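Below sits a lone chain in C-alpha cells, taken as the form predicted on its own.
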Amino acid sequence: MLPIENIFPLLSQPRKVVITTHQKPDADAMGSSLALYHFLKQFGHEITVISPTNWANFLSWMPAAKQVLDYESPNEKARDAIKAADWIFCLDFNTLSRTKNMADKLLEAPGERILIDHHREPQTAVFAYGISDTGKSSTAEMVYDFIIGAGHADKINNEIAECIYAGVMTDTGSFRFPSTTSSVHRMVADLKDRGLQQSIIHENLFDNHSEERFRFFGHILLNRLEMFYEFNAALIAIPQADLIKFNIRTGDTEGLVNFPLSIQGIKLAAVVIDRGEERKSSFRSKGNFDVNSFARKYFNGGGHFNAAGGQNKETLPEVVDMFKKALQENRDQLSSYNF
C-alpha cells in the first residue's frame, strides 16, 4: 500500500470514483464518506457513494445522503459503478469482509482501492494507496486531514464541515473519549471559523428518535441487563423477539452499550443482539482493558482499544456463555479496577 499522499497531485484529473464504507454505517462512516464526496465533486469527478447495506434514518439529514446507493437494493447501479470505477475509496473499515456482500465485487474490481481508516490491523495488501492511523479519533477527522494535506482547505464548504463534525463528534462520544486530542479541538475550531452551526447537527443525531426506541431502551435496561461485579463487567443480551416487539430498525440500538458503562465500577460493557442470521456484539471499556483484542479472540471481531464489535453464528445463549467464559479467562485484568 503506497502512501495516500501519492494521489494528491492526481486529484485534479477527473475520474470515475466510488466511495464506500462498512455495513450498517454509523455517523462516522456516513459522515466521512459524504464529506469526501462533497470535496471530490469540486474537481469534476463522477462520484458514486455506496453503502453495503441500509443505514439509520437519523443519518438521512446529511447533505447528499439521498444520493447514497444501498448495495442490497434490487437495482444494478451500485454494481455497475464498482466495475467502472477508476478509484474506490474505502472509508472507516480496513478489511473487505466488513462490506458484507460487496467484498467479492470490491476485490474483483479493476479500479485502485484507496484506504482511509483508523482501525487496527488493516488488510493492506488489497489497497493500492492509503493511510491507516489508529491514533486518529475518527475517519471523518482523517478526511479533514486529507483535504488539508492535499492543499485544498479553501474547498471546505458547509456541507463538508457538517459531515466531518457529525463523524468526529459521535466517534469521540461527544468529545469525551481519550481519542479526543488537541488536534480534534483545533479542527472543530477551524470548522466553526468557517461557519459551522453545530446545534442542528446534535438535534438531527440525538433528538430524532421514535417513542418505540425509548420504550425499548427502558425494557432492555430493566429486563436484559446482567451485572458481573466480580469482573467489573455488564452484559445486555437482546433476543430477536424484543426487536420485533418494539419495531426496532437499523440504528435504533446505537448507544445502548454506553449505558452500563456509565455504572460506577464497570470496566467492560457488552451488548449482544440476536439479528436472526447472526449475533452482533458491541464492546466498550474504560481504562486499560483492550476490547479490540477481546473481540478478535472470542467474537470474530475487532475495532479500537476501548470500542469494538463482533459477530457470531452461534445462538444467543451460546454467545452469552462464551462471554461468561471469556470473563473468567480475563479475571485478573478485569478484577483489577485501575483507571
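What you see is a predicted model; the values in this text were computed from it and never measured. Quick note: we count residues from 1 along the sequence shown, nothing fancier.
Just so it is clear, the following notes concern the form predicted in complex with a small molecule, a form of the same protein that is not shown.
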Select from the listed residues Lys267, Lys136, Arg213, His119 the one whose heavy atoms reach within 4.5 Å of the small molecule in the model of the complex.
His119
Under a 4.5 Å heavy atom criterion, is Asn288 part of the interface with the small molecule in the model of the complex?
no
When the contact criterion is heavy atoms within 4.5 Å, does Gly310 count as touching the small molecule in the model of the complex?
yes
Is His38 near the small molecule? Define near as a heavy atom within 4.5 Å, in the model of the complex.
no
Decide whether Gly302 counts as a contact residue for the small molecule in the model of the complex under a heavy atom distance cut-off of 4.5 Å.
yes
Look at the stretches 294-302, 40-48, 66-74, 53-61 and give the one with heavy atoms within 4.5 Å of the small molecule in the model of the complex.
294-302
